[in-house]
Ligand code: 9MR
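Only one chain is shown below, in C-alpha coordinates, and it's the form predicted alone.
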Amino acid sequence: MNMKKFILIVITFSYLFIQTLYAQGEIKLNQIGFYPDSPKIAVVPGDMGGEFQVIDVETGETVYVSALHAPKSWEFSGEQVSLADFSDLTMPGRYRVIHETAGSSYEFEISDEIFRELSKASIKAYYFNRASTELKEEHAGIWARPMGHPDNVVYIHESAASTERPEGTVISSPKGWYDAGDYNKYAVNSGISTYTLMAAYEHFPEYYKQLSLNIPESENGKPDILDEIRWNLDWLLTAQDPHDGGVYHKVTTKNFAGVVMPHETTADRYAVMKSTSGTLNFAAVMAVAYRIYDSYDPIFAAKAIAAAKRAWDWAVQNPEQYYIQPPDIQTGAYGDRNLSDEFDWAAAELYITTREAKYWNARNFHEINVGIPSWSYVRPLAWVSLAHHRDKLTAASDIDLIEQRIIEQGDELLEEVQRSAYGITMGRYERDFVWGSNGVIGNHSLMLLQAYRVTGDETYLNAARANLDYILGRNATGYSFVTGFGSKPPMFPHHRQSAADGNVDPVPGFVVGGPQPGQQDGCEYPSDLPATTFLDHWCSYSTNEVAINWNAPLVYLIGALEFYSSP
(Lines give C-alpha, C1' and ligand atoms only; values in the text may rest on other atoms or scores of the structure.)
Protein backbone atom coordinates (compact mmCIF):
# COMPACT_ATOMS: atom_id res chain seq x y z
CA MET A 1 0.00 0.00 0.00
CA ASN A 2 1.47 3.39 -0.96
CA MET A 3 1.90 6.07 1.65
CA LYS A 4 -0.75 8.49 0.19
CA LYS A 5 -3.41 5.78 0.25
CA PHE A 6 -2.45 4.82 3.79
CA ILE A 7 -2.67 8.43 4.97
CA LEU A 8 -6.09 8.81 3.30
CA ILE A 9 -7.38 5.70 5.08
CA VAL A 10 -6.08 6.97 8.44
CA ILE A 11 -7.68 10.38 7.91
CA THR A 12 -10.99 8.82 6.87
CA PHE A 13 -11.00 6.45 9.84
CA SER A 14 -10.09 9.26 12.20
CA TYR A 15 -12.89 11.45 10.89
CA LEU A 16 -15.45 8.64 11.17
CA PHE A 17 -14.23 8.01 14.70
CA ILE A 18 -14.64 11.69 15.56
CA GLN A 19 -18.17 11.67 14.11
CA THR A 20 -19.06 8.69 16.28
CA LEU A 21 -17.34 10.03 19.38
CA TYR A 22 -18.87 13.44 19.40
CA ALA A 23 -22.66 13.92 19.48
CA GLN A 24 -23.63 16.13 16.56
CA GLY A 25 -25.46 19.34 17.38
CA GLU A 26 -24.53 19.52 21.06
CA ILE A 27 -22.37 22.55 20.29
CA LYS A 28 -24.70 25.19 18.86
CA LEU A 29 -23.83 27.55 16.05
CA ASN A 30 -25.05 29.00 12.79
CA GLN A 31 -25.75 25.83 10.78
CA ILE A 32 -25.24 27.54 7.42
CA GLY A 33 -21.97 29.29 8.13
CA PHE A 34 -20.01 32.52 8.13
CA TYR A 35 -18.32 35.06 5.89
CA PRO A 36 -14.51 34.78 5.96
CA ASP A 37 -14.00 38.09 7.74
CA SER A 38 -17.03 38.03 10.06
CA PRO A 39 -17.13 37.01 13.74
CA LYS A 40 -17.60 33.27 14.29
CA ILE A 41 -19.02 32.12 17.61
CA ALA A 42 -20.34 28.79 18.86
CA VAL A 43 -22.07 28.06 22.15
CA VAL A 44 -20.72 25.11 24.16
CA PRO A 45 -23.05 23.69 26.83
CA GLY A 46 -21.93 23.16 30.41
CA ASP A 47 -19.08 24.68 32.40
CA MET A 48 -16.31 22.19 31.65
CA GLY A 49 -13.89 24.76 30.23
CA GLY A 50 -10.77 23.73 28.35
CA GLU A 51 -10.00 24.00 24.67
CA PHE A 52 -12.14 23.51 21.60
CA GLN A 53 -11.04 22.56 18.11
CA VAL A 54 -12.26 23.33 14.62
CA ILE A 55 -11.96 20.35 12.26
CA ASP A 56 -11.82 20.52 8.47
CA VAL A 57 -14.58 18.19 7.26
CA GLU A 58 -12.77 17.26 4.04
CA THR A 59 -9.40 16.37 5.55
CA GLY A 60 -10.19 15.62 9.19
CA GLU A 61 -7.38 17.96 10.19
CA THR A 62 -7.53 20.30 13.15
CA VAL A 63 -7.27 23.82 11.72
CA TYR A 64 -7.95 25.91 14.82
CA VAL A 65 -7.54 25.45 18.59
CA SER A 66 -8.42 27.93 21.32
CA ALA A 67 -9.70 28.18 24.89
CA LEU A 68 -13.36 28.56 25.70
CA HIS A 69 -14.53 31.79 27.31
CA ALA A 70 -15.51 31.65 30.97
CA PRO A 71 -18.96 30.09 31.41
CA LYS A 72 -22.07 32.20 32.04
CA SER A 73 -25.56 31.31 33.16
CA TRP A 74 -28.57 32.08 30.98
CA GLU A 75 -31.70 32.15 33.05
CA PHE A 76 -33.96 31.96 29.99
CA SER A 77 -32.78 28.43 29.20
CA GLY A 78 -31.58 27.28 32.62
CA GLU A 79 -28.09 26.62 31.19
CA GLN A 80 -24.51 27.40 31.83
CA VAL A 81 -22.69 27.86 28.54
CA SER A 82 -19.33 29.00 27.22
CA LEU A 83 -18.61 30.81 23.99
CA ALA A 84 -16.10 29.40 21.51
CA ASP A 85 -14.68 32.22 19.39
CA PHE A 86 -12.95 31.16 16.18
CA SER A 87 -13.25 34.45 14.31
CA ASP A 88 -9.61 34.27 13.25
CA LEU A 89 -10.39 31.27 11.04
CA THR A 90 -10.94 32.81 7.60
CA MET A 91 -10.08 30.05 5.14
CA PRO A 92 -13.10 29.03 3.02
CA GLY A 93 -14.18 25.43 3.59
CA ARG A 94 -16.48 23.13 5.55
CA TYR A 95 -15.86 22.61 9.24
CA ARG A 96 -17.09 21.37 12.63
CA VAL A 97 -16.41 22.63 16.13
CA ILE A 98 -15.63 19.86 18.65
CA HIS A 99 -14.93 19.66 22.38
CA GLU A 100 -13.74 16.50 24.10
CA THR A 101 -16.58 16.59 26.63
CA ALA A 102 -19.32 18.71 25.08
CA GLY A 103 -19.46 16.97 21.70
CA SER A 104 -19.64 18.39 18.20
CA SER A 105 -21.41 21.04 16.20
CA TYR A 106 -23.17 20.41 12.92
CA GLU A 107 -21.16 21.11 9.80
CA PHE A 108 -20.91 24.72 8.64
CA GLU A 109 -19.26 26.56 5.78
CA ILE A 110 -17.03 29.61 5.52
CA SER A 111 -17.43 31.39 2.20
CA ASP A 112 -18.41 34.61 0.47
CA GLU A 113 -22.12 35.15 -0.22
CA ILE A 114 -22.85 32.51 2.41
CA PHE A 115 -26.47 33.64 2.84
CA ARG A 116 -27.34 34.35 -0.80
CA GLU A 117 -29.65 31.34 -1.23
CA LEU A 118 -31.28 31.99 2.13
CA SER A 119 -31.82 35.59 1.08
CA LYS A 120 -33.66 34.45 -2.03
CA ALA A 121 -35.72 31.87 -0.16
CA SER A 122 -36.79 34.26 2.59
CA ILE A 123 -38.30 36.56 -0.05
CA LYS A 124 -39.71 33.78 -2.19
CA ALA A 125 -41.63 32.50 0.84
CA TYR A 126 -44.00 35.39 0.07
CA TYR A 127 -44.52 34.06 -3.44
CA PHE A 128 -45.52 30.71 -1.96
CA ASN A 129 -48.06 32.55 0.21
CA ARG A 130 -49.67 34.45 -2.66
CA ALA A 131 -53.44 34.43 -2.85
CA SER A 132 -55.42 34.49 -6.11
CA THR A 133 -52.90 32.74 -8.32
CA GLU A 134 -51.73 29.33 -9.43
CA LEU A 135 -48.19 28.40 -8.43
CA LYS A 136 -46.71 26.69 -11.47
CA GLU A 137 -44.10 23.97 -11.26
CA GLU A 138 -41.57 26.01 -13.22
CA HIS A 139 -41.53 28.53 -10.36
CA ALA A 140 -42.71 26.52 -7.37
CA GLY A 141 -41.22 23.07 -7.99
CA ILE A 142 -42.74 20.38 -5.79
CA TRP A 143 -44.77 23.08 -4.01
CA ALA A 144 -46.80 23.92 -7.13
CA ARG A 145 -50.55 24.21 -6.51
CA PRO A 146 -53.77 25.42 -8.16
CA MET A 147 -55.06 28.92 -7.56
CA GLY A 148 -56.71 29.55 -4.23
CA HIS A 149 -59.02 32.38 -3.20
CA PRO A 150 -59.54 34.42 -6.37
CA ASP A 151 -61.31 36.94 -4.10
CA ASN A 152 -63.25 38.45 -6.99
CA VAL A 153 -66.40 37.92 -4.91
CA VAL A 154 -65.90 39.41 -1.44
CA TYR A 155 -68.92 40.46 0.60
CA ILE A 156 -69.12 43.63 2.65
CA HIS A 157 -69.64 42.43 6.20
CA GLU A 158 -72.26 44.05 8.40
CA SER A 159 -69.47 45.70 10.41
CA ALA A 160 -68.15 47.40 7.25
CA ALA A 161 -71.48 48.50 5.79
CA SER A 162 -71.96 52.08 4.62
CA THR A 163 -74.52 54.00 2.60
CA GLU A 164 -72.50 53.52 -0.58
CA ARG A 165 -71.64 49.89 0.23
CA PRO A 166 -74.41 48.27 2.27
CA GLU A 167 -74.07 44.85 3.85
CA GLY A 168 -73.76 42.12 1.24
CA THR A 169 -72.31 44.37 -1.47
CA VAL A 170 -69.87 42.41 -3.62
CA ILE A 171 -66.41 43.87 -4.17
CA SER A 172 -63.31 42.45 -5.84
CA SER A 173 -60.24 42.20 -3.60
CA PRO A 174 -57.74 39.81 -5.22
CA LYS A 175 -54.02 39.23 -4.72
CA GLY A 176 -52.17 39.82 -1.45
CA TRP A 177 -50.32 37.37 0.76
CA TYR A 178 -51.82 34.86 3.10
CA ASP A 179 -50.94 36.31 6.46
CA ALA A 180 -49.45 33.31 8.24
CA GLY A 181 -50.36 29.66 8.56
CA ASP A 182 -53.93 30.68 7.71
CA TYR A 183 -55.51 31.91 4.47
CA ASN A 184 -56.70 35.39 5.42
CA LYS A 185 -55.41 38.87 4.59
CA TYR A 186 -54.99 41.60 7.21
CA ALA A 187 -54.26 45.29 6.59
CA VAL A 188 -52.49 45.79 9.91
CA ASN A 189 -50.00 42.96 9.65
CA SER A 190 -49.49 43.73 5.97
CA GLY A 191 -48.36 47.18 7.06
CA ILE A 192 -45.16 46.32 8.92
CA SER A 193 -44.45 43.36 6.62
CA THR A 194 -44.71 45.28 3.36
CA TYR A 195 -42.85 48.26 4.77
CA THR A 196 -39.91 46.19 5.97
CA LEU A 197 -39.49 44.62 2.53
CA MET A 198 -39.68 48.04 0.87
CA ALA A 199 -37.15 49.39 3.37
CA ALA A 200 -34.79 46.56 2.45
CA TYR A 201 -34.97 47.63 -1.19
CA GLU A 202 -34.85 51.36 -0.41
CA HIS A 203 -31.72 50.92 1.73
CA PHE A 204 -29.87 48.38 -0.44
CA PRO A 205 -31.22 48.76 -3.99
CA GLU A 206 -28.09 47.62 -5.79
CA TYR A 207 -28.14 44.30 -3.95
CA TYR A 208 -31.77 43.57 -4.73
CA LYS A 209 -31.61 44.69 -8.33
CA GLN A 210 -29.42 41.70 -9.17
CA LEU A 211 -31.27 39.13 -7.02
CA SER A 212 -33.34 36.77 -9.20
CA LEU A 213 -36.06 34.77 -7.44
CA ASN A 214 -37.54 32.73 -10.32
CA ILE A 215 -41.05 34.12 -9.95
CA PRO A 216 -43.48 34.73 -12.84
CA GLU A 217 -42.40 38.37 -13.18
CA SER A 218 -38.66 37.69 -13.22
CA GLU A 219 -38.22 38.69 -16.86
CA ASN A 220 -40.05 42.04 -16.72
CA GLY A 221 -36.97 44.16 -16.14
CA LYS A 222 -37.90 45.17 -12.57
CA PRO A 223 -36.27 43.91 -9.37
CA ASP A 224 -37.99 40.71 -8.30
CA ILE A 225 -38.43 41.90 -4.73
CA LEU A 226 -40.48 44.84 -6.02
CA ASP A 227 -42.64 42.51 -8.09
CA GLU A 228 -43.31 40.43 -4.99
CA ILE A 229 -44.13 43.47 -2.86
CA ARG A 230 -46.40 44.79 -5.60
CA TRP A 231 -48.57 41.65 -5.30
CA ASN A 232 -49.53 42.74 -1.79
CA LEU A 233 -49.75 46.45 -2.57
CA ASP A 234 -52.26 45.72 -5.31
CA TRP A 235 -54.43 43.92 -2.78
CA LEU A 236 -54.13 46.68 -0.20
CA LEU A 237 -55.41 49.23 -2.70
CA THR A 238 -58.58 47.16 -3.11
CA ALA A 239 -59.07 47.25 0.67
CA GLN A 240 -59.56 51.04 0.63
CA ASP A 241 -63.16 52.21 0.30
CA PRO A 242 -63.08 54.57 -2.70
CA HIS A 243 -65.99 56.56 -1.29
CA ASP A 244 -64.30 57.83 1.89
CA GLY A 245 -60.66 56.61 2.04
CA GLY A 246 -61.08 54.27 5.02
CA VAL A 247 -59.45 50.83 4.83
CA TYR A 248 -61.05 47.50 5.70
CA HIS A 249 -59.27 45.77 8.54
CA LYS A 250 -59.20 42.38 6.81
CA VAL A 251 -60.49 40.15 4.05
CA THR A 252 -61.32 36.82 5.64
CA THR A 253 -63.53 33.82 6.01
CA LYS A 254 -65.64 33.73 9.15
CA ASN A 255 -63.54 30.91 10.63
CA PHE A 256 -60.07 29.51 10.08
CA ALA A 257 -59.84 26.80 7.43
CA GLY A 258 -58.87 23.23 8.27
CA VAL A 259 -55.68 21.50 7.16
CA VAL A 260 -56.41 21.89 3.45
CA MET A 261 -54.82 23.47 0.40
CA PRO A 262 -55.94 26.98 -0.60
CA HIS A 263 -57.98 25.77 -3.59
CA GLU A 264 -59.84 23.32 -1.38
CA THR A 265 -61.47 26.02 0.74
CA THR A 266 -64.91 27.21 -0.37
CA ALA A 267 -66.17 29.42 2.47
CA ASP A 268 -67.36 32.95 1.64
CA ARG A 269 -64.93 35.82 2.08
CA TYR A 270 -65.77 39.12 3.77
CA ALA A 271 -64.36 42.62 4.00
CA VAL A 272 -64.63 43.37 7.72
CA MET A 273 -64.89 46.77 9.41
CA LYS A 274 -62.85 49.84 8.58
CA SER A 275 -60.33 50.56 11.32
CA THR A 276 -58.08 53.46 12.15
CA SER A 277 -55.15 51.12 12.70
CA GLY A 278 -55.56 49.45 9.30
CA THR A 279 -56.04 52.80 7.60
CA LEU A 280 -52.90 54.34 9.13
CA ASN A 281 -50.82 51.28 8.24
CA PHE A 282 -52.12 51.67 4.70
CA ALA A 283 -51.30 55.40 4.63
CA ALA A 284 -47.70 54.80 5.74
CA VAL A 285 -47.11 51.93 3.31
CA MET A 286 -48.57 53.77 0.32
CA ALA A 287 -46.46 56.84 1.07
CA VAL A 288 -43.36 54.62 0.97
CA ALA A 289 -44.63 52.88 -2.18
CA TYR A 290 -44.60 56.20 -4.02
CA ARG A 291 -40.88 56.60 -3.31
CA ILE A 292 -40.05 53.04 -4.31
CA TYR A 293 -42.12 52.68 -7.47
CA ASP A 294 -42.09 56.16 -8.99
CA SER A 295 -39.14 55.39 -11.27
CA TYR A 296 -40.64 52.06 -12.39
CA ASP A 297 -44.35 52.83 -12.64
CA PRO A 298 -45.19 56.51 -12.12
CA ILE A 299 -48.91 55.95 -12.71
CA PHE A 300 -49.04 53.39 -9.90
CA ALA A 301 -46.90 55.62 -7.69
CA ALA A 302 -49.24 58.56 -8.17
CA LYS A 303 -52.19 56.34 -7.28
CA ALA A 304 -50.38 55.17 -4.14
CA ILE A 305 -49.63 58.64 -2.75
CA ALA A 306 -53.14 59.87 -3.49
CA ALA A 307 -54.51 56.85 -1.63
CA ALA A 308 -52.13 57.51 1.28
CA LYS A 309 -53.33 61.10 1.66
CA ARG A 310 -56.99 60.05 1.60
CA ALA A 311 -56.32 57.39 4.19
CA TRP A 312 -54.56 59.90 6.45
CA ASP A 313 -57.48 62.31 6.18
CA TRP A 314 -59.95 59.52 7.07
CA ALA A 315 -57.86 58.53 10.09
CA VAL A 316 -57.65 62.12 11.33
CA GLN A 317 -61.44 62.33 11.09
CA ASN A 318 -61.86 58.87 12.73
CA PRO A 319 -58.99 58.67 15.25
CA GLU A 320 -60.58 56.08 17.54
CA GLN A 321 -62.18 53.61 15.15
CA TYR A 322 -60.67 50.67 17.02
CA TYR A 323 -61.13 47.23 15.57
CA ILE A 324 -63.79 45.23 17.41
CA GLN A 325 -64.14 41.58 16.41
CA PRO A 326 -67.72 40.89 15.24
CA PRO A 327 -69.39 37.94 17.00
CA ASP A 328 -69.54 35.85 13.81
CA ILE A 329 -65.86 36.38 12.83
CA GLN A 330 -63.30 34.13 14.53
CA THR A 331 -60.10 34.82 12.56
CA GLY A 332 -57.16 36.97 13.65
CA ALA A 333 -58.14 40.26 15.27
CA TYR A 334 -54.93 42.34 15.28
CA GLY A 335 -56.68 44.60 17.75
CA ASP A 336 -54.89 47.69 19.07
CA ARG A 337 -56.28 50.47 21.24
CA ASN A 338 -53.18 52.69 21.32
CA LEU A 339 -52.77 54.25 17.91
CA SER A 340 -50.34 57.07 18.69
CA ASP A 341 -47.52 55.04 17.13
CA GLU A 342 -49.51 54.44 13.94
CA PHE A 343 -50.16 58.19 13.64
CA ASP A 344 -46.44 58.89 14.18
CA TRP A 345 -45.40 56.42 11.50
CA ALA A 346 -47.91 57.53 8.88
CA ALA A 347 -47.08 61.20 9.53
CA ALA A 348 -43.35 60.54 9.12
CA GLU A 349 -43.74 58.67 5.84
CA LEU A 350 -46.07 61.29 4.38
CA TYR A 351 -43.68 64.05 5.47
CA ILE A 352 -40.69 62.31 3.88
CA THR A 353 -42.51 61.67 0.61
CA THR A 354 -44.42 64.95 0.22
CA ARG A 355 -41.96 67.21 2.06
CA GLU A 356 -45.00 68.98 3.51
CA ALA A 357 -44.26 70.27 7.01
CA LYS A 358 -47.87 69.79 8.10
CA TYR A 359 -47.24 66.08 8.52
CA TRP A 360 -44.13 66.57 10.68
CA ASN A 361 -45.92 69.20 12.72
CA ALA A 362 -48.91 66.92 13.21
CA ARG A 363 -46.86 64.90 15.71
CA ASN A 364 -44.39 65.84 18.45
CA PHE A 365 -41.32 63.80 17.53
CA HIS A 366 -39.24 65.47 20.25
CA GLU A 367 -41.38 63.77 22.88
CA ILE A 368 -41.22 60.19 21.61
CA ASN A 369 -38.57 57.47 21.75
CA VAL A 370 -37.93 54.52 19.44
CA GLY A 371 -38.32 50.95 20.74
CA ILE A 372 -38.56 47.70 18.80
CA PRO A 373 -41.01 47.36 15.89
CA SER A 374 -43.94 44.97 16.00
CA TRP A 375 -47.33 44.90 14.28
CA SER A 376 -48.83 46.65 17.31
CA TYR A 377 -45.96 49.12 17.78
CA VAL A 378 -44.83 50.74 14.53
CA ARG A 379 -43.34 54.00 15.85
CA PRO A 380 -39.77 52.69 15.30
CA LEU A 381 -40.48 52.47 11.57
CA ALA A 382 -40.89 56.24 11.51
CA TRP A 383 -37.38 56.64 12.92
CA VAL A 384 -35.98 54.09 10.45
CA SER A 385 -37.30 56.07 7.49
CA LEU A 386 -36.37 59.45 8.95
CA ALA A 387 -32.82 58.23 9.55
CA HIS A 388 -32.48 56.90 6.03
CA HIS A 389 -33.68 60.19 4.51
CA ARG A 390 -32.16 62.52 7.11
CA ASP A 391 -29.88 64.31 4.63
CA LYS A 392 -32.82 65.16 2.36
CA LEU A 393 -35.39 66.36 4.88
CA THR A 394 -36.65 69.91 5.11
CA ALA A 395 -35.79 72.38 7.85
CA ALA A 396 -38.95 71.39 9.71
CA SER A 397 -37.26 68.24 11.02
CA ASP A 398 -34.38 67.76 13.47
CA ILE A 399 -31.53 65.63 12.08
CA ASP A 400 -29.57 65.58 15.35
CA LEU A 401 -32.64 64.27 17.15
CA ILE A 402 -33.16 61.54 14.56
CA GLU A 403 -29.57 60.30 14.80
CA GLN A 404 -29.63 60.48 18.60
CA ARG A 405 -32.78 58.37 18.82
CA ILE A 406 -31.37 55.67 16.53
CA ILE A 407 -28.07 55.48 18.41
CA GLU A 408 -29.81 55.33 21.80
CA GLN A 409 -31.84 52.35 20.63
CA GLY A 410 -28.78 50.60 19.24
CA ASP A 411 -26.87 51.13 22.48
CA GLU A 412 -29.71 49.70 24.55
CA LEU A 413 -29.57 46.53 22.47
CA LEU A 414 -25.78 46.31 22.75
CA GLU A 415 -26.05 46.35 26.53
CA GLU A 416 -27.92 43.05 26.41
CA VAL A 417 -25.34 41.51 24.04
CA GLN A 418 -22.68 42.17 26.68
CA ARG A 419 -24.79 40.61 29.43
CA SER A 420 -26.04 37.63 27.45
CA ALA A 421 -24.47 34.20 27.88
CA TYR A 422 -25.38 33.56 24.22
CA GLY A 423 -23.99 36.93 23.05
CA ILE A 424 -27.32 38.03 21.54
CA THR A 425 -29.94 40.70 22.18
CA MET A 426 -32.73 38.41 23.41
CA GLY A 427 -33.42 38.73 27.11
CA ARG A 428 -33.42 42.45 27.81
CA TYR A 429 -36.80 41.58 29.25
CA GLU A 430 -38.46 38.21 29.58
CA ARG A 431 -41.12 39.59 27.25
CA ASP A 432 -38.66 39.24 24.36
CA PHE A 433 -39.74 35.61 24.41
CA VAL A 434 -43.28 36.24 23.23
CA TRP A 435 -45.40 34.80 20.46
CA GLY A 436 -43.20 35.33 17.40
CA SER A 437 -39.95 35.70 19.35
CA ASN A 438 -37.95 35.13 16.17
CA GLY A 439 -39.65 38.20 14.76
CA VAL A 440 -38.58 40.07 17.88
CA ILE A 441 -34.90 39.24 17.41
CA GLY A 442 -35.25 39.99 13.70
CA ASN A 443 -36.52 43.47 14.55
CA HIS A 444 -33.77 43.90 17.16
CA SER A 445 -31.42 43.35 14.23
CA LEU A 446 -33.27 45.84 12.05
CA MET A 447 -32.69 48.53 14.67
CA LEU A 448 -29.04 47.54 15.23
CA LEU A 449 -28.46 47.92 11.51
CA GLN A 450 -29.91 51.44 11.59
CA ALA A 451 -27.41 52.35 14.32
CA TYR A 452 -24.63 50.93 12.14
CA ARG A 453 -25.85 52.90 9.13
CA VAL A 454 -25.86 56.12 11.17
CA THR A 455 -22.49 55.63 12.92
CA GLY A 456 -20.44 53.16 10.88
CA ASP A 457 -19.58 51.38 14.16
CA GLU A 458 -19.23 47.66 13.37
CA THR A 459 -20.18 46.71 16.92
CA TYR A 460 -23.81 47.18 15.89
CA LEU A 461 -23.29 45.20 12.68
CA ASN A 462 -21.66 42.31 14.54
CA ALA A 463 -24.52 42.19 17.04
CA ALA A 464 -26.95 41.87 14.13
CA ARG A 465 -24.81 39.04 12.75
CA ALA A 466 -24.94 37.29 16.12
CA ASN A 467 -28.72 37.52 16.07
CA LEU A 468 -28.82 35.79 12.69
CA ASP A 469 -26.57 33.11 14.18
CA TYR A 470 -29.25 32.63 16.84
CA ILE A 471 -32.00 32.19 14.26
CA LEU A 472 -29.89 29.67 12.33
CA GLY A 473 -28.90 27.44 15.24
CA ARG A 474 -27.00 29.28 17.98
CA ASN A 475 -29.93 28.99 20.34
CA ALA A 476 -30.94 26.81 23.26
CA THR A 477 -33.18 24.53 21.16
CA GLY A 478 -30.48 23.62 18.63
CA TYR A 479 -32.86 24.28 15.71
CA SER A 480 -32.24 26.38 12.68
CA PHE A 481 -35.57 28.15 12.74
CA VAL A 482 -35.89 28.57 8.95
CA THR A 483 -37.61 25.87 6.92
CA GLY A 484 -35.31 24.21 4.40
CA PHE A 485 -32.08 25.62 5.82
CA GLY A 486 -29.59 24.15 8.26
CA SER A 487 -28.95 20.66 9.56
CA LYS A 488 -31.91 20.71 11.94
CA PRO A 489 -34.68 22.88 10.45
CA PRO A 490 -38.39 22.80 11.34
CA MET A 491 -40.13 20.03 9.40
CA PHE A 492 -43.71 20.42 10.65
CA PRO A 493 -44.51 24.15 10.77
CA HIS A 494 -48.02 25.37 11.49
CA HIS A 495 -48.56 26.30 7.83
CA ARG A 496 -51.57 24.87 6.07
CA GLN A 497 -49.95 24.46 2.67
CA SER A 498 -46.94 22.66 4.12
CA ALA A 499 -49.18 20.37 6.16
CA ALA A 500 -51.65 19.57 3.37
CA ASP A 501 -49.57 19.33 0.17
CA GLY A 502 -48.29 15.77 0.65
CA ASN A 503 -44.62 16.76 0.45
CA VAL A 504 -42.14 15.61 3.08
CA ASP A 505 -40.34 18.97 3.08
CA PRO A 506 -42.26 22.08 4.10
CA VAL A 507 -42.32 25.19 1.92
CA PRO A 508 -38.79 26.63 2.30
CA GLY A 509 -37.68 30.04 3.47
CA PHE A 510 -40.11 30.61 6.35
CA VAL A 511 -38.87 31.52 9.82
CA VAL A 512 -41.11 29.93 12.44
CA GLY A 513 -42.32 31.84 15.46
CA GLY A 514 -39.76 30.56 17.93
CA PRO A 515 -39.56 29.75 21.65
CA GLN A 516 -41.91 31.33 24.15
CA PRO A 517 -43.42 29.93 27.34
CA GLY A 518 -47.09 30.82 26.79
CA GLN A 519 -48.10 27.38 25.45
CA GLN A 520 -51.41 28.86 24.27
CA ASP A 521 -52.14 25.89 22.02
CA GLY A 522 -52.26 23.15 24.68
CA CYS A 523 -49.50 21.04 23.10
CA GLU A 524 -47.10 18.92 25.18
CA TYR A 525 -43.80 20.80 25.40
CA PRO A 526 -40.41 19.48 26.54
CA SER A 527 -39.80 22.61 28.63
CA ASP A 528 -41.56 25.62 30.07
CA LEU A 529 -38.54 27.94 30.06
CA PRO A 530 -38.72 31.02 27.81
CA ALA A 531 -35.84 30.06 25.50
CA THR A 532 -36.58 26.34 25.23
CA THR A 533 -40.38 26.13 25.02
CA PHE A 534 -40.48 25.13 21.36
CA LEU A 535 -42.05 22.23 19.50
CA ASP A 536 -41.60 21.31 15.85
CA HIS A 537 -45.14 20.09 15.38
CA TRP A 538 -48.26 21.24 13.52
CA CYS A 539 -50.02 21.44 16.89
CA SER A 540 -47.72 24.22 18.09
CA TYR A 541 -49.15 27.32 16.51
CA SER A 542 -47.74 29.32 19.45
CA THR A 543 -44.09 28.47 18.60
CA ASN A 544 -44.05 26.86 15.14
CA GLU A 545 -46.37 28.96 12.96
CA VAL A 546 -45.07 31.13 10.15
CA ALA A 547 -46.10 34.74 9.48
CA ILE A 548 -45.30 37.46 6.97
CA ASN A 549 -44.31 39.94 9.68
CA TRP A 550 -41.69 37.55 11.10
CA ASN A 551 -40.14 36.84 7.71
CA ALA A 552 -39.81 40.51 6.81
CA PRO A 553 -37.03 41.45 9.27
CA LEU A 554 -35.24 38.24 8.30
CA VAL A 555 -35.31 39.42 4.67
CA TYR A 556 -33.93 42.79 5.73
CA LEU A 557 -31.24 41.33 7.98
CA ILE A 558 -29.89 38.86 5.44
CA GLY A 559 -29.95 41.39 2.61
CA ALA A 560 -28.05 43.90 4.74
CA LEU A 561 -25.40 41.36 5.72
CA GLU A 562 -24.98 40.23 2.12
CA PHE A 563 -24.65 43.86 1.05
CA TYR A 564 -22.11 44.82 3.71
CA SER A 565 -20.13 41.58 3.36
CA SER A 566 -19.74 41.59 -0.42
CA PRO A 567 -16.09 41.03 -1.33
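Predicted model, so just to flag it, every value in this text is computed and none were measured. Residues carry their position along the shown sequence, with the first being 1.
The same protein also has a form predicted together with this ligand, omitted here; what follows describes it.
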| property | result |
| --- | --- |
| Partner contact for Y201 in the predicted complex: this ligand, 4.5 angstroms, heavy atom | no |
| Any non-hydrogen atom of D341 within 4.5 angstroms of this ligand in the predicted complex | no |
| Heavy atom of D227 within 4.5 Å of this ligand in the predicted complex | no |
| Heavy atom of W435 within 4.5 Å of this ligand in the predicted complex | yes |
| Which of 488-496, 307-315, 342-350, 120-128 lines the interface with this ligand in the predicted complex (heavy atom within 4.5 Å) | 488-496 |
| Interface residue in the predicted complex among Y64, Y525, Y541, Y35, criterion: non-hydrogen atom within 4.5 angstroms of this ligand | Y541 |
| Among the candidates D182, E79, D336, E217, the residue which, in the predicted complex, approaches this ligand to within 4.5 Å (heavy atoms) | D182 |
| Within 4.5 Å of this ligand in the predicted complex: residues from 251-279 (heavy atom criterion) | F256 |
